[in-house]
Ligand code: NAD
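One chain comes next, on its own, written as structure tokens: the form predicted on its own.
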């Protein structure tokens, strides 16, 4: 799988890494349950190869917590409840808590009604969206997720150079065997990949970013402006922007994510910034129960036969393979659980420095 970590990375065992991250959030003021949930989610992103949404974000999450931009111990509160649909407010709680609660409610309602639409607004950074699709898959449900980041303008629309969109992720999960999980940012790269690149990780594609004069760039300073090697990164510090993926198609999908996850939920679209420094995720999720649509066994049979047929396609390169969405993550998860999680040295040092500042014992 194409990951963000270069060959010179250090390997950290999954269990001790999860324990360290949990202890950091305990020291930062989260209770044991929430600290464990955040640690599992961030580690899970690394295990799946989505290092941009993994433990590299620990120092930033702690900074947001200390600044009051994200709040520990908050639960998603129901704003509107229509049975098969509901709107929740995350109250700026940790996204790993409130987005999981919104997904659990969607699962419960879809099991009762056959379908459910759940809106979530004012959530702290929810992390890897695929985790919530996997939560629904475990319950046997299909799910579709539109996500935006209110207060975060990072991406230029097709044909422009100024920031107008957030990275606006989109995700679909289908309960087949193996599960199909399509999960991507509508930007050319996620902001977390720019973060990893700025810390010495995998370089960005040469056309990932755009300067105000229209020149394409792979330099993280286009987004962050000047920064120290192991210091904080401010996405508002640079004059440039991330590009949308797929030209007008990705730009159009980002537009829709902002309208559905931001405007419809009432959490707000990417801009203008409502409070300097604070961002919040919005998510509009649709949950579908195959059992309520008719013959669930027939659905799974048809879907899995189709997945197998697609995968049987002749590879474009000798020794290559056509993979279904979610397969690379599943394979890498097994590998990293066995061998350890690769972290770029600057990323690992920033986590250790965060731990020491909070009085958390660190590994040798």
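Numbering follows the first chain given and starts at 1. Note that the rigid core is defined as the largest set of C-alphas that superpose within 1.5 Å between two forms. Everything numeric here is computed off the predicted structure, so don't read it as measured data.
The next section is about a form of this same protein that is not shown, the form predicted together with the ligand.
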Heavy atoms within 4.5 Å of the ligand in the predicted bound form: does residue 195 have any?
no
With the partner left out here, check for me: in the predicted bound form, does some heavy atom of residue 125 sit within 4.5 Å of the ligand?
yes
Residue-level question: is residue 323 within 4.5 Å of the ligand in the predicted bound form, judged on heavy atoms?
yes
Although the partner isn't part of this model, could you tell me whether residue 184 comes within 4.5 Å of the ligand in the predicted bound form, counting any heavy atom of the residue?
yes
The ligand isn't shown here, but in the predicted bound form which of 265, 285, 281, 97 has a heavy atom within 4.5 Å of it?
281
Sort through 103, 167, 143, 270 and report the residue having a heavy atom within 4.5 Å of the ligand in the predicted bound form.
167
Could you tell me which of 220-228, 203-211, 125-133, 235-243 sits within 4.5 Å of the ligand in the predicted bound form, going by non-hydrogen atoms?
125-133
If you line up the core, does residue 163 shift 2 angstroms or more at its C-alpha between this form and the one not shown?
no
Using a rigid core superposition, assess whether residue 109 undergoes a CA shift of 2 Å or more between this form and the one not shown.
no
Once both forms sit on the same rigid core, is the C-alpha displacement of residue 74 at or above 2 Å between this form and the one not shown?
no
